[in-house]
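Just one chain is shown here, as structure tokens, and it is the form predicted on its own.
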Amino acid sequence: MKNIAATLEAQLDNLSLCQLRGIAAVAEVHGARTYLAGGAVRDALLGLQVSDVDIAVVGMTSELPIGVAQALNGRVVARSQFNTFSLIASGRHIDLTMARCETYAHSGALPTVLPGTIRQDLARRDFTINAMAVSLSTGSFGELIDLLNCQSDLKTGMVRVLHDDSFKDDATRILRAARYAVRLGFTLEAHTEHLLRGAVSYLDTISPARLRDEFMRVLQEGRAVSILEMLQCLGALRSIHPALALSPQTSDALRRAAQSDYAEMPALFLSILTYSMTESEKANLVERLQLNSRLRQTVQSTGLARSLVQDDRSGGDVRRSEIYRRLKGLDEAAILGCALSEGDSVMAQRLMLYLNELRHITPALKGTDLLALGVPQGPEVGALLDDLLEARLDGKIETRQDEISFVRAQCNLPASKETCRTS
């Protein structure tokens, strides 16, 4: 049996290696055996950074995760219905998963699980490249368990399902297949692609929450645009929602977004993806994916931002203060998504003007400054601050002294304090 202990030692830092050995030692005390499994083994063999530490435990007990957390000076932060425990130790996230076998009552259903062997646990996984494990036990640390010749697919760059009903059992694997293929630069194995294309309709069987989570993982990928394009070619995007489609203009806008340094990329991608949808289609997508309030706001504001700065029928210029007034308070990702979707149009220029300049402009004078100049306390103060902002936005005033002169002129105040006369 091949031993890749040297590979693990080269790919993992000292803290991770110490944690793995510590987990194995605690498990042995509890009569259990532990294995590094799934994506961590795949990435280690590919020479990639190992980020997700997934530990399969044969002989899981409820006391084991607590013992591991104590040994690593960490804590258990979550437990799933499938006996998966999430731990945090030294700032690292670790999953302890009960090795299991599983069956599906029907397509889209959550699996029925029973404790299993490591062989059964690997056989239940999504793709061959994720169906390898490495022993962490003291006497066999580093021994690679590859029961299905998965290394062959890893070497040839193939994403292959383990059985023909894989996508029907769990259609979220359709999205994962595209993610892995694009992320790793792999190809869908021919039979796997055939099965996938025939199973896209099974995305309808997936609950909104699970479908949303998988779709958001796509949007969080470094090469999200390529993944979306692959999903469209496979017919999967329209199975998520009929209006979800990539026109050449949409793909171009998504790529411009991907080149930006915007912090909330999934929200920005959603704005672009929904830009050409009708209000009814957007509402249906929001409901289908049960988007949270933040993303709902982005989708709903996308059409509003677009309509608020469309070219006026008169063809005349729109004042900078008017652009500010129309867009103030709208979702940032929605505004940027509209701008990127519009290319170099007048509408895009107005949107970017607001984002890059107008929203950052504020008067130098505050309410207390106006009172010191002689403006009486009351609604006049707020009205004057609004007037100052508008004048600033339109370039009528530029300095603090300009603002003081503006206030004095508006209120007929001399250089000394004088009560502001209002109409």
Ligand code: CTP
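In case it trips you up, residue 1 is the first one in the sequence shown, and so on. Remember, it's a predicted structure, so these values are computed and weren't measured experimentally.
This next part talks about the form predicted in complex with cytidine-5'-triphosphate, which is not shown.
The closest heavy atom approach of H241 to cytidine-5'-triphosphate in the predicted complex falls outside 4.5 Å.
Residue contact check for G39: one or more of its heavy atoms lie within 4.5 Å of cytidine-5'-triphosphate in the predicted complex. Although the partner is absent here, E390 sits far enough away that none of its heavy atoms falls within 4.5 Å of cytidine-5'-triphosphate in the predicted complex. cytidine-5'-triphosphate is not shown here, but in the predicted complex it comes within 4.5 Å of a heavy atom of Y180. The stretch in contact with cytidine-5'-triphosphate in the predicted complex, judged by heavy atoms within 4.5 Å, is 31 to 39, chosen from 358 to 366, 66 to 74, 31 to 39, 392 to 400.
In summary, among the residues R223, R217, R197, R119, the only one with a non-hydrogen atom within 4.5 Å of cytidine-5'-triphosphate in the predicted complex is R217. Taking a 4.5 Å heavy atom cutoff to cytidine-5'-triphosphate in the predicted complex, the contact residue among E342, D126, E229, D331 is D126.
Within 4.5 angstroms of cytidine-5'-triphosphate in the predicted complex, the stretch 141 to 179 places a non-hydrogen atom from each of D170, T172, R173, R176, R179, taken in sequence order.
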